[in-house]
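In structure tokens, the next block holds one chain alone, the form predicted alone.
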Amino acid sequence: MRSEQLVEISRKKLAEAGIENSRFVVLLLAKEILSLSEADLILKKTEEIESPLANRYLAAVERVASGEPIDYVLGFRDFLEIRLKLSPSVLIPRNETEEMVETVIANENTSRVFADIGTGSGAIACALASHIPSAIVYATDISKEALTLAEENARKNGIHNIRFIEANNIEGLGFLLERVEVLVSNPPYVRTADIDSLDLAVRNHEPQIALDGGEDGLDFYREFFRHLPRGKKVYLEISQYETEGLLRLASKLKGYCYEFRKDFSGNYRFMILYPED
């Protein structure tokens, strides 16, 4: 089958399915599966694609058309110069998380011990360990499947300064928490009642354990603050509607000041805590 035929079939299939950004999807799948750039699709449109490759491409189009996130279809996502293998056992890393990690790297590059709580695919831990190679990063998760995938991502990217730990929240770090200087987390923060209103691709394919933050969306933070010792720097990803609840929780903390920061879209998405002088 010629490449132009594949493109036409995929565009029609995606349009019928109501997939937004179908042109982007077509170009990305062509690049990653067919090894054809946008220019190639124009200049080599009559090029014959071998049946196995064409079938693989069309199968990927079908999966996207059915509502499966393209990152799961491709099986990877790039995150701050690191290629992460993905599976439905872990949340797909978002751009907002990249923003947070870039802030941590810029502000904390002289720190030596980090902890990524709820590491999932290992995105945060791998980025920190890669960009601050002199540091050690403890990466925790309660999911064995997630930890296995995160370890694979670190190994495939040649990152060796991460220690993976099966643990829940920061309490699971045990005596290691005393060593940690900087805590970072993108935890579950969606209110349980809001799960059903999430985009279908998220609701039907991403792990609920990584999304559901409890009745008020604050379950993780409540437990986190309960066990947070003095003297740490903390970077948390949050939902904009949680700032009021987080203010109430943080008001009970001793030895900390804190601030909320907006993402590039203008929404409050980050909470940063600093030890008081």
Ligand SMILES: C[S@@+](CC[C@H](N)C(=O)[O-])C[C@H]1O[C@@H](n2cnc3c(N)ncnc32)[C@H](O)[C@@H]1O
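Note that the structure is predicted; figures quoted are calculated from it, not measured. Residue indices: 1-based, along the sequence shown.
Below, we refer to the form predicted in complex with the named molecule, which is not included among the displayed structures.
For Y57, no non-hydrogen atom is located within 4.5 Å of the named molecule in the predicted complex, even though that partner is not displayed. When contacts are judged by a 4.5 Å heavy atom cut-off, I142 counts as touching the named molecule in the predicted complex. Heavy atoms of N157 never reach within 4.5 Å of the named molecule in the predicted complex, leaving it off the interface.
At least one heavy atom of F220 is located within 4.5 Å of the named molecule in the predicted complex. The partner is not drawn, yet in the predicted complex one stretch among 184-192, 149-157, 127-135, 102-110 has residues with heavy atoms inside 4.5 Å of the named molecule: 184-192. Note on the partner interface in the predicted complex: the residue among L91, I82, V180, V73 having a heavy atom within 4.5 angstroms of the named molecule is L91. Only one of I209, L249, L53, L27 comes within 4.5 Å of the named molecule in the predicted complex through a heavy atom, and that residue is I209.
Residues A167, N168, N169 of 147-169 are found to place at least one heavy atom within 4.5 Å of the named molecule in the predicted complex.
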